[in-house]
Ligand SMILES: Cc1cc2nc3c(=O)[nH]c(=O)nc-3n(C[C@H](O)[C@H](O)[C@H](O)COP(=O)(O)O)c2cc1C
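Only one chain comes next, encoded as structure tokens, the form predicted on its own.
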């Protein structure tokens, strides 16, 4: 009997496959379909602090009363939060698998009260998606670390459910940041979030949106840093994300040290049926490899468990390609 249960960030999942935060998970009935297809957990669509502020700014531009700014901001935020709490409640009514709320934030105090409401609404955990694009030439990178830490501390003081952080692969020292977050009480990390991809339309001379979905080539960085972080920080709970498109990608992430794996673009592309396909193929692979549980191979190829850990480091690039003309 194949056992695919896994522990992620203090949650027990029936299998490691998590549907990542996106427009796909903004509907309770569709979330139930993901559960029926076999998903181990669901991360609800993020509520974006930045988006609420933009909507507030638009309404204020249309208003003839500048003094109404505070009222407008409060009204927009209250309505967005109300809708989000209803999404949590309705999804929890329909689903038995863990439901993880997601907040995309970049201010320390903006979402503390909201985090408390999320817990009361029934969410099983909170995923904090903390990132902002910093382009100031005088910016100190320590400020980014402090931002993550301060948000985690504040939220952990407020709620009792697990708190995870979805981080960017563009932060300077990923293992050091994860270690700092773990010391400050985070229950797990997601490697990595995916951002808006800009492109240039050379015919119309304007900036346009690039490819919305990830692809297989994105998986390399996900595997590299999952393996390094898992090897350097024993016991860390990692969900690999970005570039995961089939069952082999899921297995690779688990071998690198992930406890769970988030899928999003593949579900958009192939529909919810890919969930059961991935799980079926994983079970067959485990059976052929004589594995009865995930724990028997999870982390088997992480940074600490391979003879030459430098295989995961960029410094090896020239070594492996120097003999090519």
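Positions refer to the first chain, counted from 1. Quick caveat: nothing in here was measured; it's all calculated off a predicted structure.
The form predicted in complex with the ligand exists for this protein as well; it is not shown, and the discussion that follows is about that form.
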Practice task
State yes or no: in the predicted bound form, is some non-hydrogen atom of residue 243 no more than 4.5 angstroms from a non-hydrogen atom of the ligand?
Solution key: yes
Exercise for the section: Indicate whether the ligand has at least one heavy atom within 4.5 Å of a heavy atom of residue 225 in the predicted bound form. Expected result: no
Problem - Contact test in the predicted bound form: residue 264 vs the ligand, heavy atoms, 4.5 Å - result: yes
Practice task
Answer for residue 15 alone: is it within 4.5 Å of the ligand in the predicted bound form, judged on heavy atom distances?
Solution key: no
Exercise for the section: Tell me, please, which stretch of 205-213, 173-181, 250-258, 117-125 lies within 4.5 angstroms of the ligand in the predicted bound form when heavy atoms are compared? Expected result: 205-213
Exercise for the section: Could you check which residue among 90, 156, 145, 194 gets a heavy atom within 4.5 Å of the ligand in the predicted bound form? Expected result: 194
Handout entry: in the predicted bound form, residues of 8-24 near the ligand [heavy atom within 4.5 Å]
Key = 20, 21, 22, 23
